[in-house]
Ligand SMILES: Nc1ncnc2c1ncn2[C@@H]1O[C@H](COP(=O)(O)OP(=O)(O)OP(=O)(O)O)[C@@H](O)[C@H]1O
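Single chain ahead, written as structure tokens, the form predicted alone.
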Amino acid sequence: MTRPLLDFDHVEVSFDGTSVVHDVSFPVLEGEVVCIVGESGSGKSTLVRAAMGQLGKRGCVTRGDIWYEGESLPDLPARRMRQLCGSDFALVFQDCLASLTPIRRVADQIFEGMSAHRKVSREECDRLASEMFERLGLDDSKRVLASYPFELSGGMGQRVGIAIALLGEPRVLFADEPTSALDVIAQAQVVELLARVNREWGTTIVLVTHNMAVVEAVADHVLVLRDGIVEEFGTVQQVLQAPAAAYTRELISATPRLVAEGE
């Protein structure tokens, strides 16, 4: 079996001494898309934040390991995690515009992020950002760079967030429900964009979602969580076509579908 790029090994996560994620194990192979699904509060985002060392002062991994290239991520010092986050790892937020400072232009915030990880001039940063925007379908890159976050639409904001994440050329892109705050058209555009990033650039993606239609569109493997416990893990074909857990069947049956008149 191919060695996983990222390996969650019997992970338990606790906040203020109370366990909220229990004995979670699953591999993430290089170049694939793994979707983590489940209802709100099931522990999906907690797993992502545990991998990136962003559980805050109240949270910690209390058992198990999250392995990356032979390193146990929960045991790494803060300085090493800062090196990994933004270079090897990047995060696309549920609402990327809300994650940006509203009173600073997009270009200024991109430069600040890039210069934290490598030596780059402002001119080179603007050029690289413009090229990335254009690759992701944002044609008016100069206007976007000069904009404040509140001047962008939700769908454009998510594209900007994905572009910012990809500028560090990460090996693993974490996406925490990146479509849930968007309208249906923008959702489809962002899902297709993530699929293209994986397909054309080989970026490994861990995608948190509660939308089974998104899972069907992009996933290679699926982890189903309920109350911090693994209900099942398998290929997207196994999980969607022959789900082993009753909870998974409930999630699938709850997915809205259009029905033609007379059907």
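This one's a predicted model, so the numbers in the text were calculated from it and none came from an experiment. Heads up: residue numbers just count along the shown sequence, starting at 1.
Separately, the form predicted together with the named molecule exists; it is not shown, and the next lines address it.
Residue contact with the named molecule in the predicted complex: residue 40 places a heavy atom within 4.5 Å of it. Residue contact check for residue 15: one or more of its heavy atoms lie within 4.5 Å of the named molecule in the predicted complex.
Under a 4.5 angstroms non-hydrogen atom cutoff, the named molecule in the predicted complex lacks residue 204 among its neighbouring residues. Contact annotation for residue 199: none of its heavy atoms lies within 4.5 Å of the named molecule in the predicted complex. Residues of just one listed stretch (191-199, 214-222, 230-238, 32-40) have heavy atoms within 4.5 Å of the named molecule in the predicted complex: 32-40. Each of 20, 44 and 58 places at least one heavy atom within 4.5 Å of the named molecule in the predicted complex. Along 193-211, a single residue, 210, places a heavy atom within 4.5 Å of the named molecule in the predicted complex.
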